[in-house]
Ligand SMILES: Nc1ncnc2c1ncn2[C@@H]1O[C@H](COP(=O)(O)OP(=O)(O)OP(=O)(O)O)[C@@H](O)[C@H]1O
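First, one chain by itself in structure tokens, the form predicted alone.
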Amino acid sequence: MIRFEHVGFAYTKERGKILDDLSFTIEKGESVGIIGPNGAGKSTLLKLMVGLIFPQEGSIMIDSESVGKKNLAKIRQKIGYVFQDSDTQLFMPTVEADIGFGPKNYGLSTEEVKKRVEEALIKTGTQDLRSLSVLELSGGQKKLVSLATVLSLEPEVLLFDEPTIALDPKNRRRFIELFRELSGTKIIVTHDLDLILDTCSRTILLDEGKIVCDDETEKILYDQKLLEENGLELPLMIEGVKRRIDYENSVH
């Protein structure tokens, strides 16, 4: 579904390469977590997938379509991107108008647009917000509405950049449940390693623009030495289990 071949990218020559000779493949239907310290190139990787920026070296293929200016319309019909900053994504007068904006501009019928808006509202539990202005929403509500605007497009690939930022525990659980229910290919970039553990069967660890490890999620997230060497810590859930085991061993 997604193929990176020797991809390199730099915002400026002075900063150097954000991504360097990056190659990997994500199969259709996979749920993949992208983790790494700040500055590893995680968000840049998502922007390249959706064509907000373009690789200066190598190539990116999305379902046999090369990511480039000529193919942007086709690429963006296949990919939905939930931004880290919800204010970047929401701009219409009401929540309902925001969710319907994409389907309407794809030329879908009025009835189909209404159907998709309703389904997206129900999936994200935001029905009560439909008539509100974005300015009236909390940070967590904005995050859920941003997700609804993407779900209404019914993309084959979903990209999430720090999706649980601003979500309270209840809505974080709602997001995890919804994520598990969604079909298609799903990719999460986040510092929330517990979220990756709950949602992704595969994880790619980036550092300094290169792939350090690409393996089953549990193999990476249970490896304390590997995580610490790359500026990360064990997920809280694993750390809690480890402490309990250490305590029980010390008692006995």
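Sequential numbering from 1, following the sequence displayed. Just so it is clear, the model here is predicted, and its values are computed rather than measured.
The same protein also exists as the form predicted in complex with the named molecule; that form is not shown, yet it is the one meant from here on.
Relative to the named molecule in the predicted bound form, residues F91, S133 and L137 are all farther than 4.5 Å at every heavy atom. The named molecule in the predicted bound form comes within 4.5 Å of no heavy atom belonging to T203. Using a 4.5 angstroms limit between non-hydrogen atoms, L22 is distant from the named molecule in the predicted bound form. When the named molecule is considered in the predicted bound form, N38 lines it closely, a heavy atom lying within 4.5 Å. Put simply, Q84 is close to the named molecule in the predicted bound form: some heavy atom of it is within 4.5 Å. The stretch in contact with the named molecule in the predicted bound form, judged by heavy atoms within 4.5 Å, is 41-49, chosen from 194-202, 41-49, 62-70, 215-223. No residues of 105-139 lie near the named molecule in the predicted bound form, the criterion being any heavy atom within 4.5 Å.
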